[in-house]
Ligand SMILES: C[S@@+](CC[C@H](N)C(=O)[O-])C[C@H]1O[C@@H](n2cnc3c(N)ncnc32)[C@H](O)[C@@H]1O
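Quick setup: one chain, the form predicted on its own, written in structure tokens, and binding and motion questions come after.
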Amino acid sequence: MNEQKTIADWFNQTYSKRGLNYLRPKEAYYIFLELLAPLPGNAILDVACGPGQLLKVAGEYDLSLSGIDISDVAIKLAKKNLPGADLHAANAEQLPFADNSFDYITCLGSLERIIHLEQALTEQLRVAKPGAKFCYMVRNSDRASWKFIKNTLGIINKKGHQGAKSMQEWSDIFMKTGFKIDHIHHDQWPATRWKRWISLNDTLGKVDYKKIQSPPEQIEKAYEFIFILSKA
């Protein structure tokens, strides 16, 4: 419980100081919806939703919006941005939703921060409808920059429970817990951010934020992975 509070306190402080500046811009979240290809009127849950950047985009796809986050500061911000959404300050290991509630579940950049990961994944399977789709973005421990930061510099955010796993390790965990892996993609934002930069911060309107890209580097070395999953 003390470890959970430490994580919650770190995120509360981070969102209090930085707000939306802690996150990627809204445009970076379209790709996750495109990969899920949601049907209008269906229900989506964003686990570790923060101030609601993904849910804000999901609303443009005419979805019913729900979210949870361990940070009550983040949830207060999300409620201001999304007054019609069902939002809760809650732990991902004990979701405040009924069985078979959601068509889509997302968790971006946060699974590696959860203390009891398999319990949290089992909870997400519980609240997912039969045939539900999942979109997870997770950190890659085989990335050279991660190895340098962790092994050479020894800089790890322990208060925020920062972590990473290899693509094989993530795959094994998902399959063991009860998921089927449909697709694995590179994190799309690094390449898109580069296009934004050469397009003068997209003032020329040339960046297609919904286009799925395949960077030249091997996917095993990606900065982060995007897993698209379904119930096994």
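Since we're looking at a predicted model, the values are computed, not measured. The first residue of the sequence shown is number 1, and the count goes up from there.
What comes next is about the form predicted together with this ligand, which is not displayed.
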**Study point:** Heavy atom of each of 44, 97 and 125 within 4.5 Å of this ligand in the predicted bound form
**Key:** no
Exercise for review: Answer for residue 140 alone: is it within 4.5 Å of this ligand in the predicted bound form, judged on heavy atom distances?
Suggested key: no
Exercise for review: Would you please decide whether residue 49 lies within 4.5 angstroms of this ligand in the predicted bound form, comparing each non-hydrogen atom pair?
Suggested key: yes
Check your understanding: Wondering, does residue 23 line up within 4.5 Å of this ligand in the predicted bound form on heavy atoms?
Key -> yes
Review point. Can any non-hydrogen atom of residue 70 be found within 4.5 angstroms of this ligand in the predicted bound form?
Key: yes
Review point. Of the listed stretches (97-105, 84-92, 140-148, 126-134), which one has a non-hydrogen atom within 4.5 Å of this ligand in the predicted bound form?
Key: 84-92
**Study point:** Stretch 118-133 - residues with a heavy atom within 4.5 Å of this ligand in the predicted bound form
**Key:** none
